[in-house]
Ligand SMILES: C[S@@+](CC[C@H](N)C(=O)[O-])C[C@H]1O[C@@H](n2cnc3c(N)ncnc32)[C@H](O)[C@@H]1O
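Next comes just one chain, in structure tokens: the form predicted alone.
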Amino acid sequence: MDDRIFSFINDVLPEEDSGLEALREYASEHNVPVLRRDAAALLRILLFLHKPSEILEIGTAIGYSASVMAETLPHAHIDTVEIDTDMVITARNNFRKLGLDGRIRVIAGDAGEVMASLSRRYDMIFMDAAKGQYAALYDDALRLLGPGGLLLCDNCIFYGKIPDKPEDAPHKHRTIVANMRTFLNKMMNDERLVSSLLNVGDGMAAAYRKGENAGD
């Protein structure tokens, strides 16, 4: 996205409450990537429209996105998965400070292993973890997403690198680009889903899971 347009969008978006602003400032100071403002605004709209009760998030970091979801939908319960022990501690402390710890459960562990162990159905799954893992997590995400569920995946344009062919990307990014393109191809062509890729934030892939019967 053009930097001027990105700056304009950020300027016109309403300010967040003090607790979320504090999390965003902490993330900026400590170089922790969190959901961009325009993507957070889209997330809120989708939450209001879809009204999920059970949400699974992959990639907690400091807890910003989970806090956005919990504050937007006070009735929702959120399971969020994080592999980094320091981030797990930080996120739990942040949820406690915001009074959200009773509705957000932080699961410490590798996303692939945790998702494989889960059996409950979720109304919404939000993936904001390592981009190169999305393709490997896809089958479990679809298994855990109930009919009528919403799948959202952030960072799907990966700072503008995804349009490049993997062999044309910088060497250290080739695997990520290849894996993300594989993931997007699967998601956009899955007949169980109605999917789109949006130029919001760092690229947001969104999909609605159809009913169990074809055409629902």
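Just count from 1 along the sequence shown to find any residue number. Fair warning: this is a prediction, and the values are worked out from it, not measured in the lab.
What follows is about the form predicted in complex with the ligand, which we do not show.
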In the predicted complex, segment of 47-55, 145-153, 177-185, 61-69 with a heavy atom within 4.5 Å of the ligand: 61-69
is_contact(V81, the ligand) in the predicted complex, heavy atom dist at most 4.5 Å: yes
Heavy atom of V34 within 4.5 Å of the ligand in the predicted complex: yes
4.5 Å heavy atom contact, T90 to the ligand in the predicted complex: no
Close approach of G102 to the ligand in the predicted complex, 4.5 Å, heavy atom: no
The unique member of L73, A130, V106, L98 whose heavy atoms fall within 4.5 Å of the ligand in the predicted complex: A130
Those residues of 110-128 which, in the predicted complex, come within 4.5 Å of the ligand by heavy atom: D110, A111, F126, D128
